[in-house]
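Only one chain is included here, represented as C-alpha cells and corresponding to the form predicted alone.
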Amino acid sequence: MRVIKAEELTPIIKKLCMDSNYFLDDDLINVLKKAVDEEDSPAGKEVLEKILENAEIAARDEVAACQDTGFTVVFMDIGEDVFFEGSINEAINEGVRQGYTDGYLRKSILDDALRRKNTGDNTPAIIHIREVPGDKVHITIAPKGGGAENMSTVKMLSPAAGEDGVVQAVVDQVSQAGANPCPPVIVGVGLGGTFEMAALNAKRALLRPLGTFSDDEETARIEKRMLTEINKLGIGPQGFGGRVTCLGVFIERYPCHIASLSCGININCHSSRHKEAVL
C-alpha cells in the first residue's frame, strides 16, 4: 500500500490550474494551424489566426488565454493500492484557491445558483474520482467556461432513434448553440449509461487528444460522421461563417438499460483547456 499525504496534491493542483489557462496543448495548436489552411472564409481564417496569436501571447506572458478561466473540473484516477492521509477535497480546493489567486485568474464561482455571491477564490472545484489498478494517481485539470457549458445537454432518446437519431441530436445541439460556445468547438458525447453517466462521459471524452479518433472502429466512424455533418452547418470560427465549425468529436460509450438511449453532449470552446500530472 502506498500512502500519500493529501496535502501533496495542493501544489500540483495549483500549477495545473495556472498552466491549463496559460498554455494551450500542442495537439490543439496543430489542429488550429491546419484549420487555417482549410478555412475558405476570409473572416473565419482571420479569426483562426487571431486565436493562434492569442495563444502565443498567453504562453509567452503567462496570462490567461481566455478571460473566462472557468469552473475548475478535476478528474482523478486513484490507484487501488493508494491510501490518502487527510482530505482529498480540501487539498484540491486549496490548490485551486492558490492557483487562481497567485495566477491572477478570474474567479467565476458563486456560492449558490440563486443567491449568487462570489466565493472569491474559484472554489469549490468539481471533482470526479474513480479507482483504477496500480499505485499511481493521475490528475487532470480541465477549466470549463460558462459559454460552452451553457450550450451542453443530455438527450434521453428512444432506443428506436438509433445511430441516425444520435447523430442528429448532436448536430442539432451544435446548430442551436451557434456562436455562443466560441467556435470552432470540440464536442464530447457520452453514449449510454444513466442520465448523469452520459453527462460525465461526455465531459471526460473532451480530454482526448485532438486529431485522433476512437480505437473502436464503429465509434470512430460515427465520430467522423458527426464531425463532417457539424462542419456542414456553416457556423464557422466565432460564428462568422465558414467550413471550420468543429475541430473534433469524441464519443465515450457505456452499457445502457434496455429502455434507454441516453446521449450526453458536452460542448467545449476552441481553447479546450486541460493539463495533467501523475503522482
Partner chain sequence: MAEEAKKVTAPLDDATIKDLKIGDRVLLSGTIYTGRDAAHKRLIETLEKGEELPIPLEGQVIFYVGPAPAKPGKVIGSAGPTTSYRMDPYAPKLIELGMGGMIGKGNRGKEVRDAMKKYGAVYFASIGGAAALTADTIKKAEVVAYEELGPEAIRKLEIKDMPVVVVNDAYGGDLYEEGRKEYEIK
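All values reported here derive from a predicted model rather than from experimental measurement. Positions refer to the first chain, counted from 1.
One more form of this protein exists, namely the form predicted together with its partner chain; it is left out here, but the text below deals with it.
S.K.: Only one of these stretches, 209-217, 29-37, 225-233, 249-257, has heavy atoms within 4.5 Å of its partner chain in the predicted complex; which one is it?
M.R.: Among the listed stretches, the partner-contacting one is 225-233.
S.K.: If you check in the predicted complex, is residue 161 within 4.5 Å of its partner chain, heavy atoms only?
M.R.: No, residue 161 stays farther than 4.5 Å from its partner chain in the predicted complex.
S.K.: Applying a 4.5 Å heavy atom distance criterion, does residue 79 contact its partner chain in the predicted complex?
M.R.: Judged by the heavy-atom cut-off of 4.5 Å, residue 79 is well away from its partner chain in the predicted complex.
S.K.: In the predicted complex, is there a heavy atom of its partner chain that lies within 4.5 Å of any heavy atom of residue 179, even though the partner is absent here?
M.R.: Residue 179 belongs to the contact set for its partner chain.
S.K.: Can you check whether residue 195 is within 4.5 Å of its partner chain in the predicted complex, heavy atom basis?
M.R.: Looking in the predicted complex, residue contacts with its partner chain do not include residue 195, since no heavy atom lies within 4.5 Å.
S.K.: From the list 186, 96, 191, 105, which entry has a heavy atom within 4.5 Å of its partner chain in the predicted complex?
M.R.: Comparing distances to its partner chain in the predicted complex, the residue within 4.5 Å is 105.
S.K.: Between its partner chain and 10, 20 and 124, in the predicted complex, does every residue show a non-hydrogen atom at 4.5 Å or closer?
M.R.: So, no: the whole triplet misses its partner chain.
S.K.: Given a 4.5 Å distance limit between heavy atoms, list every residue of 32-62 close to its partner chain in the predicted complex, or none if there are none.
M.R.: Result: 40, 41, 42, 43, 46, 47, 50, 51, 53, 54, 57, 58, 60, 61, 62.
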